[in-house]
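Quick setup: one chain, the form predicted alone, written in structure tokens, and binding and motion questions come after.
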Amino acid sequence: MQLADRDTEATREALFRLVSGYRMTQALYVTAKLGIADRLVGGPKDADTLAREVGVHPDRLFRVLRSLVSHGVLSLDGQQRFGLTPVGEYLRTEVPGSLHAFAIFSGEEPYRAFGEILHTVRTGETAFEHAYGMGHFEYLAQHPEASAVFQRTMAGSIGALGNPLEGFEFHDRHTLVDVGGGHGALLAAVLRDHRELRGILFDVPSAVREAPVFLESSGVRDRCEIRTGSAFEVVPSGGDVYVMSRVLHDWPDEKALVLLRNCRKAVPDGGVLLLREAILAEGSVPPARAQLDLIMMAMTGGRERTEREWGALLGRAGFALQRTWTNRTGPDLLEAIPDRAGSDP
């Protein structure tokens, strides 16, 4: 084969791997759902042993796990025993930066929703709503197990990234209100670093179901108040720093404006609003952020935004964008303050 031919084949193979990605999503989902990684902590095991432990078909389990060996997630020794690799360690449940919940979440509702993304492109209707007959957050409110997986996914991603509000100085600040904070992972991380702060965790009842236990285990429960409600109706007063972490990207502009305007009513003069969101470049977009934008399109009808778009949206809600911090490993951070010039009617 000529060099040019080898290059052509490599190019074709790269596209083939992209097209085939759904297979690995489901293989990882099955492995995470069955808790295989946690069962390999003590050492390698064969598929028959693992199948007996989790109650599944041994041959089918062997073939799924074998597919992950070639991708470096698991190892397979001469006795046909599977073991954990450094990559596979992140499928364990109790390791820093665990992707266990994310692998389960990705293989369930989003997987089915993405099968309807052509419908979204043709009609503009959110793929999730077309597949499930309701919005994603309405679905989570009605399905506690799915909600728990989603909240663990969100909490795990915050815990893996260090200080979630790195760059912002909390000098002379007293109360942080986390709007849409779920379990309270962000709030707990900040309160651990700032002993002088108190916190208010605000979200719908289904989202904060596990928050008391989580905040207690994080050692900050005595400085946290949990309030429930919908930010589409009202945002609680009482804070001088408000944060929304990866909330607004879930919604198209008009719905995001409702949330921001309710925040504007709650944030006092001298207060500040912090947004943890991706800031897209005006030109080409890194693959991870382009994929995230597709997820929002399919799951909630939301979108990722450029700094210019964030500034315009904040301005319409009565805020002035003050500064931003970029983060290569997670969401960026935007700081906005009340703009006395007002907002769009």
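In this text, residue numbers run from 1 along the sequence as written. All figures in this text were calculated on a predicted structure; none of them were measured in a lab.
One more form of this protein exists, namely the form predicted together with a small molecule; it is left out here, but the text below deals with it.
Segments offered: 108-116, 248-256, 80-88, 264-272. Contacting the small molecule in the predicted complex at heavy atom distances within 4.5 Å is 248-256. In the predicted complex, the small molecule stays beyond 4.5 Å of every heavy atom belonging to T93. Using a 4.5 angstroms threshold between heavy atoms, E129 stays clear of the small molecule in the predicted complex.
Although the partner is absent here, N163 sits far enough away that none of its heavy atoms falls within 4.5 Å of the small molecule in the predicted complex.
Contact check for S230: a heavy atom falls within 4.5 Å of the small molecule in the predicted complex. Taking I158, L99, L197, L215 one by one, only a single residue has any non-hydrogen atom within 4.5 Å of the small molecule in the predicted complex, and it is I158. The contact with the small molecule in the predicted complex, taken as any heavy atom within 4.5 Å, belongs to V204 out of V204, I226, A146, L76.
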